[in-house]
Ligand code: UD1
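Here you get one chain, nothing else, as structure tokens; it is the form predicted on its own.
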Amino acid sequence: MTDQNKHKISGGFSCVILAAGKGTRMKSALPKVMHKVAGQPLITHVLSACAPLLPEKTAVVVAPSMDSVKQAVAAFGKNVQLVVQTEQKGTGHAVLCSKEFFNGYKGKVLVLCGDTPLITTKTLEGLLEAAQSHEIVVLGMRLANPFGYGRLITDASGRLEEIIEERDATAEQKAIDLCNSGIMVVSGDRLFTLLEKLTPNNSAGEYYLTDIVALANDMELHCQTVEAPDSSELAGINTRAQLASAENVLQNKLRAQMMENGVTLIDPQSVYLRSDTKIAADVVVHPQVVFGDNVIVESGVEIRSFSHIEGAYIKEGAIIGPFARIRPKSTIGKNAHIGNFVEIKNTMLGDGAKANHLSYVGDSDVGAAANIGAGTITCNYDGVNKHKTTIGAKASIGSNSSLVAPVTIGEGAVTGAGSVITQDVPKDALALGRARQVNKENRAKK
């Protein structure tokens, strides 16, 4: 995130992200917030939406033994820390667990759910701006089918009076379509006083965070709602079906952004991107292409159908595929060609180099304009360690060659088709590593 994309909120704010859900309905041993959308954990999406607004500090509330969440949040720096909720007693109790972390903090506190990966920075910015003149502001959403969501009860002037959970609502209240997103901003000097007044007097026997609204109104504090411009970005993830739905929504957004930026997606619905995929203008992506994490593609590249690319840097003018696989730590040079059924791993492929057919090139350094013939294998693994293959500029590797690493093929050198190369080949040399052909006359019929 570059500095020009960051926006400091007037007066400052901090965050509490509720991430203690165990994903019971997802039937998974993985913490719910660690399930992925567009290649990143749900919690990463939420933290990424907050980051450009420069929160002073962030508490991520987790259940015990959620070490994977700790690893995910570590990338966001020392101002993001885990707070453990040893017993799950409701959302109000979860936020209360962060009291020591905030230690008398007086700024605004943004409370988020760790399972809402579609939330945008723009929506959070609008919510925080509205919260500057109120003690509590709740982000609401209008839903055609509000079943399962808490309802926002407002008076004639729009003031928020209380939030009623679905299971505790009357029939009249259930008819209200303005729903609670689970996201709110509360003044830090009021938050923990209100939380300590909560009681578990509800059908679930839990301490509801939402009950602080009614308590705040009893104290004649200012409570308000802000309606989200797009309710889809507030969707929470509790099931595998909801995870798939969020994936679909985010993929469509990523595809639309790519095309807006000048990328041609011939069949957008069949191209799968990651949140960190970077593709320059004038790249053409054919149908059925999958991008994994950490891919950068320069202008003028063509990526043909059924290719899978992850952890790679593809330079200007390269042609990839069809049916190519490029694995992490690979760089494909300018105007290089990677053809059908070619796999590249941890390899630097020089400008103009070609590997057009049926080859595996791993742990290698391939010089500019080198040509790797069909069926070539860099034999990089000896059963214990990986070893490097170096192929010089303008070298030509004959079809069906096996290059047994560690080995160096010199600049301009040639290996004969079908060779097994176990020793270095000097510059401009011809290497033959195969048995001499013997013809047995008249033996074919026998």
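Only a predicted model underlies this, so the values are computations on that prediction, with no experimental measurement involved. Numbers for residues come from their place in the sequence shown, where the first is 1.
Just so you know, the form predicted in complex with the ligand exists too; it's not on screen, but the next bit is about it.
A heavy atom within 4.5 Å of the ligand in the predicted complex is found for one listed residue only; from Ser181, Ser98, Ser364, Ser330, this is Ser181. Interface residue among Glu343, Glu310, Glu135, Glu165 relative to the ligand in the predicted complex, by the heavy atom within 4.5 Å criterion: Glu165. Proximity of Arg142 to the ligand in the predicted complex: non-hydrogen atoms within 4.5 Å are absent; the residue sits far from the partner.
Contact between Tyr149 and the ligand in the predicted complex is found at the 4.5 Å heavy atom cutoff. For Ala20, a non-hydrogen atom is located within 4.5 Å of the ligand in the predicted complex, even though that partner is not displayed. When the ligand is considered in the predicted complex, Ala94 lines it closely, a heavy atom lying within 4.5 Å. Although the ligand is omitted here, in the predicted complex all of Gln88, Gly114 and Gly236 have a heavy atom within 4.5 Å of it. Only one segment in the set 316 to 324, 192 to 200, 114 to 122, 101 to 109 has any non-hydrogen atom within 4.5 angstroms of the ligand in the predicted complex, and it is 114 to 122.
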